[in-house]
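One chain comes next, on its own, written out as structure tokens in the form predicted on its own.
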Amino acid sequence: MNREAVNRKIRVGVLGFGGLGQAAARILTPKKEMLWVATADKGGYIYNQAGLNPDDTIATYGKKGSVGYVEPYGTISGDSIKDLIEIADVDGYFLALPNLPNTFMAEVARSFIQSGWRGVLVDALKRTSAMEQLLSLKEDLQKAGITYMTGCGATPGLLTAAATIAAQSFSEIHSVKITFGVGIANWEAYRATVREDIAHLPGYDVESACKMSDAEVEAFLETTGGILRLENMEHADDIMLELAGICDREQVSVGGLVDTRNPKKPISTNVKITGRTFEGKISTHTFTLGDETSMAANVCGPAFGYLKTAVSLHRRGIHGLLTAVEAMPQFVR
């Protein structure tokens, strides 16, 4: 790897431009080590190797529904991800995409494999079953020269990594309990995320949540006062901690409250790790996130930290699939 390639800014693409995708663009813009150059959504893509303007892009997306309408760099496309991969010079992509349907993230990974593209992919997926699909592509990703880091948001991600570090105090782990609070002023800014959460509720699944219209989601939220109460979710924190040898997946539980009408968190977000020390004492470590940090900050921040790590690994010839508990995120200045 030549010195110029190592020292230049990491060129980043963001796939998906809903709430998380737009937050990702704003987080990236002031960074000195990364440059946001590409984005794709359902209707098109935008690419400029000199960098993109978040205000113009977000405004146009809000008015016309696709970044493909942004002048002069946008392009309308019926296969936007495939078309963007072919023309964009990007070091790594953050997949700010919904897990709806549950096979979507693996399908996107296959698209990158089949394209012959080599680089870094990072996601913030949630469901265990979605991560299992990616794990089945581990060898294919390695052969393709792709370094893919999965489960790199808040949970799974930040809290799972914190649990992995905290577990080192114990000889055996009895339980890992993740409890999150999310506050958003308007659910429509995070439509895919809210549908994913509804899919975890009794009487719903991924398929039924995916089919819900905006009006149906709005009507459902009316019945709950805008609050989603989530318990025993199918969250990939369990398989990540199991693969890392921390504990069995049955010892991991994830749940929380989502307020879709207020930006203030309804409860604090934390992870509690309970275990037995080598002296035979039972204790619990608790790691709590500041209430002032938003869901977007706690998802996108770690994702780009892991993307920086993945770029470093990729440049050293380390390819394949890694989870957020297998490597530390590097801080992006």
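Sequential numbering from 1, following the sequence displayed. The model shown is predicted, which means the values in this text are computed figures rather than measured ones.
If you look for the form predicted in complex with another copy of the chain, you will not find it shown, but the lines that follow are about it.
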| query | finding |
| --- | --- |
| Another copy of the chain contact in the predicted complex: residue 282, any heavy atom under 4.5 Å | yes |
| In the predicted complex, residue 294 touching another copy of the chain (heavy atom, 4.5 Å) | yes |
| Close approach of residue 170 to another copy of the chain in the predicted complex, 4.5 Å, heavy atom | yes |
| Contact flag, residue 162 vs another copy of the chain in the predicted complex, heavy atom cut 4.5 Å | yes |
| Contact residue in the predicted complex, chosen from 23, 15, 311, 12 - any heavy atom within 4.5 Å of another copy of the chain | 23 |
| Location of another copy of the chain contact in the predicted complex, chosen stretch of 63-71, 36-44, 23-31, 49-57 [non-hydrogen atom, 4.5 Å] | 23-31 |
| In the predicted complex, residues of 318-333 near another copy of the chain [heavy atom within 4.5 Å] | 318, 325, 326, 327, 328, 329, 330, 331, 333 |
